[in-house]
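First, one chain by itself in structure tokens, the form predicted alone.
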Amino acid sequence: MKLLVCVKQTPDSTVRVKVAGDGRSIDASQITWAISPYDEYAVELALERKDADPSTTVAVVTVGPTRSRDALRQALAMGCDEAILVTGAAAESLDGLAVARALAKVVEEAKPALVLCGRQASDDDQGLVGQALAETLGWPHVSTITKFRPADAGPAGSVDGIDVWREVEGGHEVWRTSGPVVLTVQKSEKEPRYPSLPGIMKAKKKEIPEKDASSLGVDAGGAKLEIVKMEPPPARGGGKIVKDGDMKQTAAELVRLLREEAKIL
């Protein structure tokens, strides 16, 4: 079985992000980049299947600037077998729908049995690409999954499809798919593994073929989203400690502050 995992390089979640001078982008000068967290869970889920069945091949793909190669190296160091980078000037300006169309070109060429994406990217939180990819391919799609495995063998010993655990409120639904499918991952049952030292050394030696986004014939037309303005959240004001007087006086003062200053009563 061949699995293809789509990842995105985003600012590391521990980094303090600042708005750039143009007011429409982030200041990348002090940014540390990493695989988007939900995409890491998608990689882990694919690698768990490889652990269970060593004949499984796990490929990873990203669409983005040349620095996105580092995210692919990270995935290779975790245990993925192959990587593909879709880059070029056009790749940096594609919106979510166009990215899905570019990924669809890669999927059609790679012919995986299963495509996994993170539920949403940590930078824009749109949760668009996985569903748009499935629609572009004409494949079924199951969202917010936590695990999958080949369906139980039938009476004749044949395996028909893949069982998928989908997280819902209060529990899980189990879906059975037949044929290729796109899965968007909520979390796997295990935390994403750390790249091992041997894995890092092997990843450095692996070739990562590049595809120019402009050569894929991606239709970037249609409705588009554009960032008009970006601004940091307002600074938090200092808090107040109400402790003077007895309990009754403290409660009365607290109610007054909530009504007159905070204006939430």
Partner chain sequence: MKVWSIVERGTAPAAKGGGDADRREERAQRRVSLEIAAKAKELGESKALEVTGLERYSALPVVGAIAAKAKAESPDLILVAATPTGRDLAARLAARLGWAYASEASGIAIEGGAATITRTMYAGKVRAAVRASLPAVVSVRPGAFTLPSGAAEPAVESIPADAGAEKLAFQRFEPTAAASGRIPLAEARVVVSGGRGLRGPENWKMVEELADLLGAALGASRAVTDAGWRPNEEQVGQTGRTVTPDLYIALGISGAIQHLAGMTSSKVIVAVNKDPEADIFKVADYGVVGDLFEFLPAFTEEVKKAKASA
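For clarity, every value in this text was computed on a predicted model and none was experimentally measured. Residue numbers count along the first chain shown, from 1.
The protein also exists as the form predicted together with its partner chain; that form is not presented, and the subsequent description refers to it.
- Not one of P54, I84 and V218 comes within 4.5 Å of its partner chain in the model of the complex, counting any heavy atom.
- Partner proximity in the model of the complex, defined as non-hydrogen atoms within 4.5 angstroms of its partner chain, places exactly one of 210 to 218, 55 to 63, 42 to 50, 226 to 234 at the interface: 226 to 234.
- At the 4.5 Å threshold, heavy atoms of G161 stay clear of its partner chain in the model of the complex, well away from it.
- Among heavy atoms of A104, none comes within 4.5 Å of its partner chain in the model of the complex.
- Interface membership of L258, defined by any non-hydrogen atom within 4.5 Å of its partner chain in the model of the complex, is confirmed.
- Although the partner is absent here, R176 is a contact residue: one of its heavy atoms lies within 4.5 angstroms of its partner chain in the model of the complex.
- Along 53 to 91, a non-hydrogen atom within 4.5 Å of its partner chain in the model of the complex is carried by no residue at all.
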